[in-house]
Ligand SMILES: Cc1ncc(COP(=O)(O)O)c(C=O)c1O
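Shown here is one chain on its own, the form predicted alone, set out as structure tokens.
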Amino acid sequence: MPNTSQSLFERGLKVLVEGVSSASRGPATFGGAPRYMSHGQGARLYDVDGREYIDWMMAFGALPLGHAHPAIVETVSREILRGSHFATALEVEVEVAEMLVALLPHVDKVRFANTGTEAGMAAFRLARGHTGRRKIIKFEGHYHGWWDSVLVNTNPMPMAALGHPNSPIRIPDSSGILEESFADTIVVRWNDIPALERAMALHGREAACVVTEGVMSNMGVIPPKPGYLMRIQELCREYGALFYLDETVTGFRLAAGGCAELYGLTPDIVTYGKAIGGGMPMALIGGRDDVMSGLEWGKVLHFGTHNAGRLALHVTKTMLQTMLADNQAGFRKIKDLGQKMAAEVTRVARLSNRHKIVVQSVNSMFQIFFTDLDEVTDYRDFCGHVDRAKFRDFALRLMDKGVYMNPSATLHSLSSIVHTEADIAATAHAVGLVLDEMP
């Protein structure tokens, strides 16, 4: 079989950094040439060599309707004839905002952006502007975009580098980040209420916000312990810090109202990305009216030529209409499929009994951990007990059997409304074959 991906990779290395445009797609993740894709349809991806894959990555969760969904295709085909982008106020902008405010009880106003990172940058600035405070409290292993102030302690590190769990060492994840950029960022162990209570006692009165993912989504899938997120919210209220729930990954995936709905939360600020755009660049900042009013008249500045892009808004509207139809049937379906997929992989792993595996999931999200633990509960568990090299070998072998999962153990897999029971059965069969052939 020809290997066009390899030749494209060699060409790409001459003109693109690492041959790709994001490290998660390139050799740092794949260990060599990635699979270059040509097109997608439904729950399938097809590479440039004609190989077909059941896609469980779904553009890192950006495609709850799958690839080339007929409703999305019809929307884009219709609207591109009316213009791609105006950078003006739009009727569809108001319509989508009205849909979101009606759907999300914790959101009074929204501001559209393009990416989760950009929305997060605006949210942190807004929190500081609203409170007049400097400090940000974030958690180990939580990724909130590649902005300097919060790009600390998000990559797996040797346990010896992390410091004491009561006082984690702040580790920037990139060269070029100045120490003063994260001087006001406090890092806390996640899923540990006493650790957070200590941090709030020390820094809570100076904190503009406490930011968390509802489910730790950039260390695989690590659910919150019962009551943990609610305790974060309570402590924020007690100390006057804003509770910022980052739903870039979880929003419009785990439930119609995301983790806020799933865990009964009322965040002061929330950001969304990925799934909300249905495959188009789209993100937003939302929150209480008194908080969001900080963006009025540029008091807290947030500009953007491509904010609220026409095509992206129309696709967002179509995605929401499709997922919410028939009393939110789309969200029920992806939850059901995700839970069944996690259960099937667990069953097959137990039958094989050759590798110690834990499958962790929340509704439509799931990840397979090669670990000696019974449960991965936080960043330190992941750093010290998850075999990332073994997972990459596993994922690459799965690709050879027609199943696409990203080879990075820090990421995760997701269901869409176009996956089927047959896809689950085929994937489980391939997982069993791979586990049996792996050393």
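None of the values given here were measured: they were computed from a predicted structure. Counting begins at 1, following the sequence as shown.
A second form of this protein, the form predicted together with the named molecule, is not displayed here; the remarks below concern that form.
A.B. asks: Taking the shortest heavy atom distance, is residue 145 within 4.5 Å of the named molecule in the predicted bound form?
C.D. replies: Looking in the predicted bound form, residue contacts with the named molecule include residue 145, since a heavy atom lies within 4.5 Å.
A.B. asks: Against the named molecule in the predicted bound form, would residue 319 count as a contact residue? Criterion: heavy atoms within 4.5 Å.
C.D. replies: Taking the distances in the predicted bound form, the answer for residue 319 is no, it never comes within 4.5 Å of the named molecule.
A.B. asks: With the partner left out of view, is residue 249 within 4.5 angstroms of the named molecule in the predicted bound form by any non-hydrogen atom?
C.D. replies: Yes, contact at 4.5 Å.
A.B. asks: Residue 274: heavy atom within 4.5 Å of the named molecule in the predicted bound form?
C.D. replies: Taking the distances in the predicted bound form, the answer for residue 274 is yes, it comes within 4.5 Å of the named molecule.
A.B. asks: For the interface check, one of 196 to 204, 83 to 91, 161 to 169, 136 to 144 should have non-hydrogen atoms within 4.5 Å of the named molecule in the predicted bound form; which one?
C.D. replies: That would be stretch 136 to 144.
A.B. asks: Among the candidate residues 117, 307, 185, 75, which is the single one with a non-hydrogen atom no more than 4.5 Å from the named molecule in the predicted bound form?
C.D. replies: Contact residue from the list: 117.
A.B. asks: Exactly one of 363, 360, 218, 233 has a non-hydrogen atom within 4.5 Å of the named molecule in the predicted bound form; which residue is it?
C.D. replies: By the 4.5 Å heavy-atom cutoff, the listed residue in contact is 218.
A.B. asks: Going through 175 to 205 from first to last, which residues have a non-hydrogen atom within 4.5 Å of the named molecule in the predicted bound form?
C.D. replies: Result: empty, none.
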